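Next up is one chain by itself, shown in structure tokens, the form predicted on its own.
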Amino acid sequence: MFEKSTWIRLPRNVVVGHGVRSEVVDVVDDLHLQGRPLFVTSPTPREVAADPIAADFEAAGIEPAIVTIEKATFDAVERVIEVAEAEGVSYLVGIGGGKAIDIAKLASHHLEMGFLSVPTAASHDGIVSNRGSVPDGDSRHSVAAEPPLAVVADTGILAEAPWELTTAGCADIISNYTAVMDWRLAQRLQDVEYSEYAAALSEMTAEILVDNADLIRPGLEESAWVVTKALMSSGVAMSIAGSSRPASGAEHLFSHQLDRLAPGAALHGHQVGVGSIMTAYLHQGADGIWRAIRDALASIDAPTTAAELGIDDETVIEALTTCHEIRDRYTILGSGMNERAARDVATKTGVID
């Protein structure tokens, strides 16, 4: 018998395709949202998408308020909340990469308002998930929130985003492999709550990218379509699970520790990709899937080594030996690795020389 009910919150509408930026007003109408929106964006996405969308709203007789943020911080969340309250808006629209969307997500959760996600870069699965990630000093916090009411992803815009943002999104998805391995391990050894459906969806999403990595190329709208659908599937898996477990394991702990030790050195997705190479080796040994993960990352021009991340070897070792302390989440790292073991896995997988 089931001991408790489970609420799965998912976006009501997902609109993906060429030119769908112009359909945001229609999506709002379909959701029966009333009142004035607040757009949360950053400088480049404002020019590329937010201002044209604002013009569409004005043509429909609605004047949106707009907040442009420079950095993803809790201060930025507070600023958005203050503007939303001062302007008397009814819902939020996050327009941009992970930064703008995470800020809009967390602010809307605090305000108890709905929000829409309009990504301009396929850089991570936060565009659809129920979690927001915000840096705080030398660390990063992943915070539970509500998923967007709708996602409007214009593949024409996404295909024109900087290629490194797309490869970071791909690497983030590929790392689902090891996140699910950790989740299953934790279920067996620590009896953590586990969803076979969410795990299968997350794993399948990673497999699709690994199997089609050679088809993902810069400037191709078809590539943007594949990556965006994968990011959405990963976000849905987290919503089904009610946690970040389907997409966050030891590889994410490694990345979070790199954020502390070498802030700003590399993109989040690239860091978890390299972390996934090593944690896959820890799970399955020399004959495991780590080579397929590494080769897929290399195929899409994502980093596979410390040098390509712009991080020195000793920082990688320090991150591996200390990242288990970041949060109470059981992974293949258990209670931690010693320096010799960390150096061994990093060397055998080619992450360090």
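Quick note: we count residues from 1 along the sequence shown, nothing fancier. Just so we're clear, the structure is a prediction, and the values are computed from it rather than from any experiment.
The same protein also has a form predicted together with a small molecule, omitted here; what follows describes it.
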{"property": "Residue contact check: residue 273 to the small molecule in the predicted bound form, 4.5 Å heavy atom", "result": "no"}
{"property": "Distance check, residue 299 to the small molecule in the predicted bound form, heavy atom within 4.5 Å", "result": "no"}
{"property": "Non-hydrogen atom contact residue 126 with the small molecule in the predicted bound form at 4.5 angstroms", "result": "yes"}
{"property": "Residue 42 within 4.5 Å of the small molecule in the predicted bound form, heavy atoms", "result": "yes"}
{"property": "Which of 265 to 273, 278 to 286, 191 to 199, 75 to 83 sits within 4.5 Å of the small molecule in the predicted bound form, heavy atom basis", "result": "265 to 273"}
{"property": "Of 226, 113, 165, 240, the one that lies within 4.5 Å of the small molecule in the predicted bound form (heavy atoms)", "result": "165"}
{"property": "Listed residue that, although the small molecule is not shown, lies within 4.5 Å of it in the predicted bound form (heavy atoms), from 161, 236, 151, 230", "result": "161"}
